[in-house]
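A single chain comes next, written as structure tokens; it is the form predicted alone.
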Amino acid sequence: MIWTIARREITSMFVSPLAWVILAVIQAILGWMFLAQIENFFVLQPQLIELENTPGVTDIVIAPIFSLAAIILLMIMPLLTMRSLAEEKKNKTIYLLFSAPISITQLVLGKFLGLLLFVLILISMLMLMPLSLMPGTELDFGKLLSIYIGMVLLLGSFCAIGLYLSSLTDNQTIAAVTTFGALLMLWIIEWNSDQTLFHYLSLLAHHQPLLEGIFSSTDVSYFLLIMLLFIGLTIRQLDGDRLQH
């Protein structure tokens, strides 16, 4: 049942033009920046040769592109997650799901998996850009894998947070705005602060090391905890909604 709901979710995304527009816009923006970074790399190459530990293409071209992608997707993902449950509530189809022979846990996991599948498609498409450089240069595949995993974990966290906030309302605009606000707050929470708690809560603080190829169990655990926490909160919220109706 989880897979059935996930398939229904991702199919409904691609029936709507929104998913196609998101993919096209992100590819266009990052494609342009990718070409600009390559040009910048050729300009800097004479100076880089003189350095002892010369940074490679992965550090100078690819990592900055995915760092920019994370910021762009922080703004765009709320548009994708806002409809997940808010639309179901607005159209009253949520009550059909409540009466169906599935548990709330299966419903929420199916919705989350559908969003995660879209994320995997998106990141895999973005990965085609650095892979296109393989014939002409040497890539650091260890760092590429770390970047890929980091993006999946980050966007998975975006999906879980957006799914929960979408479960609180039947208004998609409110769901999108609150999701964007929550993600932005978690992104900038450690700015101008040396407190350990703010550093630990920061999405950016845990994502940046993965972009640099530093694979830490602490960072991975943070994103997994974020996903588990907000999926759990979503299940609890929908359980309460079902009991009321």
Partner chain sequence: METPSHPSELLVRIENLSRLYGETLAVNQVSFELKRGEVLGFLGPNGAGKSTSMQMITGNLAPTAGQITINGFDLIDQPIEAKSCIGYLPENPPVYRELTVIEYLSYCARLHRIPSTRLRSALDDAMQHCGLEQVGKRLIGNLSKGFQQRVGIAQAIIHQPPVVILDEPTVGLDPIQIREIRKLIKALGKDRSVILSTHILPEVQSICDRVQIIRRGELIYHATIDELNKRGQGNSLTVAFRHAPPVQELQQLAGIQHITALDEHRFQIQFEPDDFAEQLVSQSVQHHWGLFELIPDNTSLEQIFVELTTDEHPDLGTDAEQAA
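Positions refer to the first chain, counted from 1. No experiment lies behind these values; they were computed from the predicted model shown.
Beyond the structure shown, there is the form predicted in complex with the partner chain, which is absent from this document and is the topic of what follows.
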| property | result |
| --- | --- |
| The partner chain contact at residue 106 in the model of the complex, heavy atom, 4.5 Å | yes |
| In the model of the complex, residue 148 touching the partner chain (heavy atom, 4.5 Å) | no |
| Non-hydrogen atom contact residue 101 with the partner chain in the model of the complex at 4.5 angstroms | yes |
| 4.5 Å heavy atom contact, residue 221 and the partner chain in the model of the complex | no |
| Contact residue in the model of the complex, chosen from 93, 173, 132, 124 - any heavy atom within 4.5 Å of the partner chain | 93 |
| 4, 11 and 243 each touching the partner chain in the model of the complex (heavy atom, 4.5 Å) | yes |
| Location of the partner chain contact in the model of the complex, chosen stretch of 134-142, 85-93, 67-75, 151-159 [non-hydrogen atom, 4.5 Å] | 85-93 |
